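Single chain ahead, by itself, as structure tokens, in the form predicted alone.
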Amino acid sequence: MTTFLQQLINGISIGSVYALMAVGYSLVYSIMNFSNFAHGGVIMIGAYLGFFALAIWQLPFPIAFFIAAVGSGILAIVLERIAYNPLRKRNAPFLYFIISAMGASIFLENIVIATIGPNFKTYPQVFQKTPYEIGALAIGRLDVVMFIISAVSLLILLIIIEKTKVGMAIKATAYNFKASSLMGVNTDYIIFIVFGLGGALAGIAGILFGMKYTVYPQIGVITIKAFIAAVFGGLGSLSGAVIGAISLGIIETMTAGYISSQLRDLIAFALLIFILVVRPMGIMGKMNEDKA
């Protein structure tokens, strides 16, 4: 039982970081109706910004956290203005957006390799390694910090979505883009806000993931986990993305703990295929043939 609880805690911890990635991914999908594969590149940049702020510039963690979140948010907005906005103005097919997103992701990865290098980089120790002990359970301090930061970030996003005029406009635009535009909603501004919020969440996920593991140019591939979580919960559903992410984190840690760590990714992709075959709209999503 102790082993089960230990794996459950670990799964919730990493699942909370997946949730940050998946919610940012779902935010963009809910408005733009396409899979933003450049999201992984934004996560990577956030991880590097956090690393440089802590290891090179030796700034306090709160400031490094702020730099990673804001820097990634700005990067996401710039990507939207350069890579997606011209396509949107020309009413290009959604396939063009996906191709542009893939190109942006490859560009970010290669520019990091060319400028910073391909080597793995390890974050300095920010929090003590001594775990919190509750009976036979040992909970890492970093795991607790990851969960708290993720939960607070998602709570702030929920308040923005549910309690502000911008949030209402985001929900209206997600429900019907054209009708919202006709009713006076500035959809261009809403897209700007959505990419900024999604990018900030990606930056937070990047610095937390980098602190937990390491930083390298291909770290953006972790966005596949965000995609799996979003599909599992239901593309376009923020609450579904959180449920899917936490579930994926628990499934992965249980697989690694009870079967083999080499099978955790295999199980994750098997879950993706199963959901696409059995319930393509996910747990809380709705079927929409227009979305890609």
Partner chain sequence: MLKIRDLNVHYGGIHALRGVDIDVEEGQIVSIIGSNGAGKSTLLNAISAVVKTSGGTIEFKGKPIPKSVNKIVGLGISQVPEGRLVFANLSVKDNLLMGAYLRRDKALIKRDLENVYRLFPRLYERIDQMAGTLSGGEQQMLAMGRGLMSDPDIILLDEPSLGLAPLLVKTIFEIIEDIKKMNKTILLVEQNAFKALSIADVGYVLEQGKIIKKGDAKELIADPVIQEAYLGKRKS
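Residue numbers count along the first chain shown, from 1. All of these numbers come straight from a predicted model, not from anything done at the bench.
Unshown form predicted in complex with the partner chain; subsequent notes refer to it.
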### Task
Quick one: find which of 133 to 141, 120 to 128, 184 to 192, 93 to 101 has residues within 4.5 Å of the partner chain in the model of the complex by heavy atom distance.
184 to 192
### Message
So, residue 79 and the partner chain: in the model of the complex, are they within 4.5 Å at any heavy atom pair?
### Response
no
### Query
Within a 4.5 Å heavy atom cut-off, is residue 172 in contact with the partner chain in the model of the complex?
yes
### Query
Contact between residue 152 and the partner chain in the model of the complex at 4.5 Å, heavy atoms?
no
### Query
Would residue 159 show up as a contact with the partner chain in the model of the complex if we use heavy atoms at 4.5 Å?
no
### Query
Pick from 168, 116, 87, 145: which residue has any heavy atom within 4.5 angstroms of the partner chain in the model of the complex?
168
